[in-house]
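Shown here is one chain on its own, the form predicted on its own, set out as structure tokens.
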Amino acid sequence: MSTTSLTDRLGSLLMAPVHLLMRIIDIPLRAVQKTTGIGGMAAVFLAPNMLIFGIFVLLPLVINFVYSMTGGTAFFLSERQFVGTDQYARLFQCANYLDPMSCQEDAFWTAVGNTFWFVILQVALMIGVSLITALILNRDLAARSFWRAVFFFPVLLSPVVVGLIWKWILQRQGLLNFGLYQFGIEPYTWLTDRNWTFIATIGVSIWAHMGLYTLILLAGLQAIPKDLYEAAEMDGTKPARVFRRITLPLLMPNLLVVVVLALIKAVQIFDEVFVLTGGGPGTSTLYLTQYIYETGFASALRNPGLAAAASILMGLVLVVLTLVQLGIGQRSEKKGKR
């Protein structure tokens, strides 16, 4: 018996259970196809995913909205009283929205202010750093694949691990102060100074997430035809003008994706900061997601309804900002086609 014949027989034996399973599955699928037709089969295959989406996404959203219309400290809806929009009114009860201390929920507006400045600075720096890194990695570098892996590695880490790593580095007896001490510089309390803790949370979040955005931008850069750069080089176009006239416009779809993802991630910042600073010192790094968590679960005077109302408002803001950015991106794309 030849080797080829033996291999074929062995393959047939191994595939026999698979063929039997496919025949068993084929029986109900043919019955469903006769009932729904070929067009209805798409809905049949989508049904399991839609069921999971409904149970784990839509249903929690509905429950969260119902919670926001109730009051009290009980967790079960049957034990909570309906209060209408009182929770929303409580959040917006302020004499001056720019002064959190004049608001009934001063912690909420402090968290809103901190989150606002965090998003502005972190997203801007994130995009800038990711773009510069992608441009560098797009060049012909030695061990280019290694450097790409190095920049992407932090994305694979758990946010809690990221927070613990940087807490070990930045604490008073940490690695950074040890390095400074070798040069005769006194140790500094990086995690207890209000100004430095805010900067630290921005830096840590950029370090942890920039790898993903760098890869997205790098994919966009590699999709740009090299002929355009060669033609620009032959015309003697300056590098700055090449970047402004060729690279940036063609990279805009990827850049828009990065902006939307970075914005959503920045607004939802929680894990790394909670481990790194716990929202302190004071409320200097108290961001919106941590306020929602503490109000709904961790506070001694927990208020799930108030936390739910705050999360609904945060979700609406994210939806509006995303739609605005997508609208701007579509307009820019239409202008580019013209």
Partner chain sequence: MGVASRFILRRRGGKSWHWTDIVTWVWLIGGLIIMFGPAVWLAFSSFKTPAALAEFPPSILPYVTSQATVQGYDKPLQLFDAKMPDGSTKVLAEVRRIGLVAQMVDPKTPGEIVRVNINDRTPVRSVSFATENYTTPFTQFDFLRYLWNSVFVTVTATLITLIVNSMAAFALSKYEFKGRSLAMLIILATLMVPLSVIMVPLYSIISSLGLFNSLWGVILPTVATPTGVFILRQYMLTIPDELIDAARMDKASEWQIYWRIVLPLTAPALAVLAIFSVVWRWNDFLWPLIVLSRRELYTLQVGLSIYSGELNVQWHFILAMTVVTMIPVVLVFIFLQRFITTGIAGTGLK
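Positions refer to the first chain, counted from 1. Keep in mind the model is a prediction, meaning the values are calculated, not measured. Each form is matched to the other, and the largest set of C-alpha atoms that superpose within 1.5 Å is called the rigid core.
The form predicted in complex with its partner chain is left out here; the points below concern that form.
The stretch in contact with its partner chain in the predicted complex, judged by heavy atoms within 4.5 Å, is 156-164, chosen from 92-100, 194-202, 111-119, 156-164. Scanning 223, 141, 248, 234 against its partner chain in the predicted complex with a 4.5 Å heavy atom cut-off leaves one residue, 141. Although the partner is absent here, residue 82 is not a contact residue: none of its heavy atoms lies within 4.5 angstroms of its partner chain in the predicted complex. Among residues of the shown chain, residue 279 is not one whose heavy atoms approach its partner chain to within 4.5 Å in the predicted complex.
A residue is said to contact a partner when one of its heavy atoms sits within 4.5 Å of a partner heavy atom; residue 286 fails this definition for its partner chain in the predicted complex, lying far away.
In the predicted complex, its partner chain sits within 4.5 Å of a heavy atom of residue 64. Annotation for 245-279: interface residues with its partner chain in the predicted complex are 261, 265, 268, 270, 271, 274, 275 [heavy atom within 4.5 Å]. Core-superposed comparison between the shown form and the other one: the Cα of residue 76 travels less than 2 Å. A displacement of less than 2 angstroms separates the C-alpha positions of residue 283 between the shown form and the other one, with the rigid core held in common. Residue displacement note: residue 61 has its CA displaced by under 2 Å between the shown form and the other one (rigid core superposed).
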